[in-house]
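First comes one chain, alone, set out as structure tokens in the form predicted on its own.
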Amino acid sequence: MKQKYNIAVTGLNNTDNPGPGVPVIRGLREAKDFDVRIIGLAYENLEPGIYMDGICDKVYQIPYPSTGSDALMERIEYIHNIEKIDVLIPNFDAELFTFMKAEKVLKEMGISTFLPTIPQFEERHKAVLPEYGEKYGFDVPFSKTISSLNEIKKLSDKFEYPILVKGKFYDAYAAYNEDQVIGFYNKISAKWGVPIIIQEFIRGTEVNVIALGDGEGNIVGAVPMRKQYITDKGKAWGGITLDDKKLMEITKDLIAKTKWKGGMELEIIKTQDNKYYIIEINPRIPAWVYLAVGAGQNLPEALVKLALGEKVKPFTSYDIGKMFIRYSMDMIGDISQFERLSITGEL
């Protein structure tokens, strides 16, 4: 009989700006070597993953990390006392620092995680990406951080339009003039705060890689893809796996040099003259992870094994030409579900 694990997963907002939680859970439901009971952790009571059939066995609402790490950890401890969580998989950049910092506390409770170290997390921030590229020998776009509107007028001294305006956690917009930069600055800073990252616009094809590192410099699995359909938020609504040896070499090299621990996503621009510029390094599993599962690499299953201290045999291949296409559907629920979650924080 298979071992059954209680696994807590965040990121249930399966909208046009999807979190990775639902596809991570789908991968775990298809694990070959163990069974799962899924405890969904939701920040908002209208996250679609809460109400989807066959996704979560139990859902708890948790406070945003911005309310303070103590409140979040108290809630996790409360849930753990009921559910006996074996593994916790956080899926948002903004929550990772709290869970990384609490890794030892969680372990003492009996909750395992497999997350990047704090130095790994900090050094790949968009705000310091040029230093990261120089340190490890990767091509990255020129960028600059700004913290006030007054600095925008000086950007034309160092940049040519268009430029990318990015938030420190999420959001990125192409700006074609100073007025657009001001608008995006106000929009992003109101949501995520400062600094705002101004990045050189590299023309080419965006390609992405999902990868899993074992923390010792070895790559457990990696699948590259090209976005085929992109939403107005820049998110992939469709994609296809690629046969790109250079992309895989870059990924393996990065994980070897940094000894990356956990899941990651590389966002890369491939230019017409075959140069590869890393434009972002996301320190967790991306929302398109189910494509990797469909291509033969169940990275969520491997992540759970690593978290539990098991030896994991690296994946050596994946199916090329596998596609994913997202779709929207209307789910029918009952107001009683919403009321119960809103009042009790549990469903």
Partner chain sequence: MKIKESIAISESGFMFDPSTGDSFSLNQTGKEILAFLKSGKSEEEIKEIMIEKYEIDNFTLEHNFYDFMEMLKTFNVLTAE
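Fair warning: this is a prediction, and the values are worked out from it, not measured in the lab. Positions refer to the first chain, counted from 1.
The next section is about a form of this same protein that is not shown, the form predicted together with its partner chain.
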property: Option from 134 to 142, 193 to 201, 238 to 246, 99 to 107 whose residues, in the predicted bound form, bring a heavy atom within 4.5 Å of its partner chain; result: 238 to 246
property: is_contact(S156, its partner chain) in the predicted bound form, heavy atom dist at most 4.5 Å; result: no
property: Partner contact for Q272 in the predicted bound form: its partner chain, 4.5 angstroms, heavy atom; result: yes
property: Residue contact check: Q228 to its partner chain in the predicted bound form, 4.5 Å heavy atom; result: yes
property: Contact of G321 with its partner chain in the predicted bound form (heavy atom, 4.5 Å); result: yes
